[in-house]
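Form predicted alone, single chain, as structure tokens, below.
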């Protein structure tokens, strides 16, 4: 490194911040990665309960996550080893719902054959799904005016069965917003890059390791190997321009940087930027929670597949939308099931113990296995501000600020994607490249 190498501060070591830090370090910047928590990863990180390394939320990645997969490889993670790759599927417990699995055929034949073979759907359902897919391709997955997902599905005469078994769970999983108030355009963007792309893009990737190990931990090591550092447990409380660069204040000391990537959540970003510029766009975002309920059973308990969709019904206290058999991903987790409840405001209102009991009951009924009613232990983890509420026509903040040397990164910044790991990573890459372009 030379004395002329620019020093960039990345505030926040979530997936957006880690992506920005890796991109900058690879380009020769000296990077300091600041993280208020003790471990990197942000809202997709490792936590420890009952002696197990778990996640603060169960995630599925997609084969379409090109920047995430690229950066994993760049920092030394082999995605094919770190994750279980499954074909696109929507599989409910045997005897309930539907069974839809895409075969290993080129697109779009993999979807057509999967639809032809799917059980649990009538001929009317299948024709409706084919009409929707054809119309979306004809429109190039674009709406002139955004609307809710519910309105979009009604416009294309999607059946009640399709809405319940496919479109609603896909919408909630991808956008973490109920279809009646979720953006149809953003939903179509997700479908375009998965269902509308090559077959591998629609593959589902299930992490075998904890989320911190999947990328953030190794990203921090990569930064350190490139003459940078991670300062964990260091919360930045203020930023001011000084001497052609930036001064950053923390509880212990002050730090100097030539450039900043601000990769915190939008609330903390607004707090730091409020003395410097207008932050109304950051403050205008609303949020949705995601809850994961872990249920530990005896080690010999298994599900038929690594994960299943579940029929949620709040009226019947059935809150779970997907269940994962963690033992099929990591043998250290034998007997551990993870149940995801997206857009979980109503589900968590009655308390964690009540929710865990209701989910155990839901699993017992869905799989016709009464023994699942009583787990050895349960643990409920809720991220109350997991994502922004992805509503129609939402104006999201740009990565650029009023200052050429200060960029925003986060899954909430303007993009075609909802709040996903890939949108966070892409935002970090975009912010880093914008700073690097200033050098040209």
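Numbering follows the first chain given and starts at 1. Computed from a prediction, not measured in an experiment: that's the story for all the values here.
Below, we refer to the form predicted in complex with a small molecule, which is not included among the displayed structures.
In the predicted complex, the small molecule stays beyond 4.5 Å of every heavy atom belonging to residue 431. Residue contact check for residue 268: one or more of its heavy atoms lie within 4.5 Å of the small molecule in the predicted complex.
The small molecule in the predicted complex is approached by residue 236, whose closest heavy atom lies within 4.5 angstroms of it.
Although the partner is absent here, residue 392 lies well away from the small molecule in the predicted complex, with no heavy atom inside 4.5 Å. Here the chain stands by itself, but in the predicted complex one stretch of 256 to 264, 278 to 286, 115 to 123, 149 to 157, 256 to 264, has heavy atoms within 4.5 Å of the small molecule. Contact annotation for the candidate site: 86, 303 and 339 all lie away from the small molecule in the predicted complex (no heavy atom within 4.5 Å). Checked against the small molecule in the predicted complex, the residues 69, 30, 386, 47 give one hit for a heavy atom within 4.5 Å, which is 386. Of the candidates 37, 376, 414, 404, 37 is the one whose heavy atoms come within 4.5 Å of the small molecule in the predicted complex; the others do not.
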